[in-house]
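The chain below stands alone and is given as structure tokens, in the form predicted alone.
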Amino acid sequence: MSRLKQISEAVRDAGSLGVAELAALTGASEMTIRRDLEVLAAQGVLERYRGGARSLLLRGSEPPFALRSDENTDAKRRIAAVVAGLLADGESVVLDSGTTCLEVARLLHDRRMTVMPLSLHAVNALSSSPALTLLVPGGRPRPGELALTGPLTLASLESLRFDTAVIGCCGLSAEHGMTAFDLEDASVKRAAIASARRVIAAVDASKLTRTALAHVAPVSSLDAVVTDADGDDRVQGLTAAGVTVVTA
């Protein structure tokens, strides 16, 4: 776990913590903690006060994109590489928002396929591709996340049929299925799943211990899950539910 994530979670769980407490928790100097708090304050994670910080995140809320983009990057890139390998040239693909799906987008840049990304981050990553056919949906981008949501996004998905949907999520388990923190994001994910013949979930291991607020779909709607979790109870539960799990 990165130090920024450790600080963010500690402050969120406690409500507020002092610089000295965070230094003791992380083993970093108080000067380093102060710099970290400035970074997290700029990302909207917390609010600084003299000698400490208080959280701006609810316990059930999603950390900002900028913070998540620095988490588990090696695992996300391995997952993205496996997902990209499961996609064939000539396919039409709807690509979900989120940090793992953004890594998939970067690997599809030079592929000959049709891709509709559901975030402006991924649109930007693919916009200069000389080979790929890029479809851009309508919708309203969520601040920071830049995931496209709303009736225009849903209409774009409902009017098309894709070979494959690559879906990210905030939580996944055999019991609770796929879940998301944001209600509008959950609606978009459901529409993307309904628009595709095949559904691949790209999920790093941390998501397999989490259940978020909004239910997206049962695991029975997934054809494959690509994850870095290897053979533990979480994976066995998915496999027992009939899901193909591919380890990155």
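Sequential numbering from 1, following the sequence displayed. Quick caveat: nothing in here was measured; it's all calculated off a predicted structure.
As for the form predicted in complex with a further copy of the same chain, it is not shown, yet the points below apply to it.
Contact annotation: M116 falls within 4.5 Å of a further copy of the same chain in the predicted bound form, judged by heavy atom distances. When contacts are judged by a 4.5 Å heavy atom cut-off, G171 does not count as touching a further copy of the same chain in the predicted bound form. A residue is said to contact a partner when one of its heavy atoms sits within 4.5 Å of a partner heavy atom; P141 meets this definition for a further copy of the same chain in the predicted bound form. The closest non-hydrogen atom of L152 lies within 4.5 Å of a further copy of the same chain in the predicted bound form. Only one of the listed residues (L108, A80, V93, V123) places a non-hydrogen atom within 4.5 angstroms of a further copy of the same chain in the predicted bound form, and that residue is V123. Only one of 142-150, 171-179, 93-101, 80-88 places residue heavy atoms within 4.5 angstroms of a further copy of the same chain in the predicted bound form, namely 142-150. Residues are counted as partner-facing when one of their heavy atoms sits within 4.5 Å of a further copy of the same chain in the predicted bound form; in 116-138 these are M116, L120, V123, N124, S127, T133, L134, L135, V136, P137, G138, in sequence order.
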